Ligand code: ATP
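So this first bit is one chain, no partners, the form predicted on its own, shown in structure tokens.
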């Protein structure tokens, strides 16, 4: 960069860095995706095309940074990328890591959209955008608990949404009636309602819906019980 008398303005820039020797999670989340999914008429409660598009984007981001990322895990319109504790990527600057991961993810989403939605071209007035955050975790236990938290969240959200939308679409309840019916119910009660009133066995739902998607450093996309495999996933880290 050329020297000039105006260069002093660079002194106002803040370069916040993440704590050394901590694991980093970059979580990307769709912004106003409720409106976005309604506009493009995503199937409820899960749209297979949309989920596969998210997975493809995450895979490409992970492969771009495969030497730094241990794995990525996603569900619905969010994805978490877990970086090694010893990474020095972009000198661990929060702004660099956060902005570059989310911008690459968004560009992939736009470029790959037509592959998964060939009959629904993107409308310039309704484009996808995402936010992101970087969080550092001090040890392997915390990072395992983080991934387990997202996995459990996937199950809770998907079970509720599956029963809710089946009650609306198949049983003819209003959204308010479905909310009231499910209020205060536990997991086993939701599954019983789904089976007895909608004729659907939750165990037969697609694994991607129930368990989310995990992308390995090899670019494999798996739908597994994260909690049961947690030690295996982080072996060597």
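Every value quoted in this text rests on a predicted model; they were computed, and no experiment measured them. Residue numbers count along the first chain shown, from 1.
Keep in mind that the form predicted in complex with this ligand is missing from the display, and what follows is about it.
Colleague: Choose from 186-194, 26-34, 171-179, 56-64 the stretch whose residues reach within 4.5 Å of this ligand in the predicted complex, heavy atoms counted.
Modeller: In short, 26-34.
Colleague: Taking 42, 47 and 51 as a possible spot, do all three reach this ligand in the predicted complex with a heavy atom inside 4.5 Å?
Modeller: Every residue of the spot touches this ligand in the predicted complex.
Colleague: Mark residue 76 yes when one of its heavy atoms lies within 4.5 Å of a heavy atom of this ligand in the predicted complex, and no otherwise.
Modeller: Close contact exists here: in the predicted complex, residue 76 approaches this ligand to within 4.5 Å, heavy atoms only.
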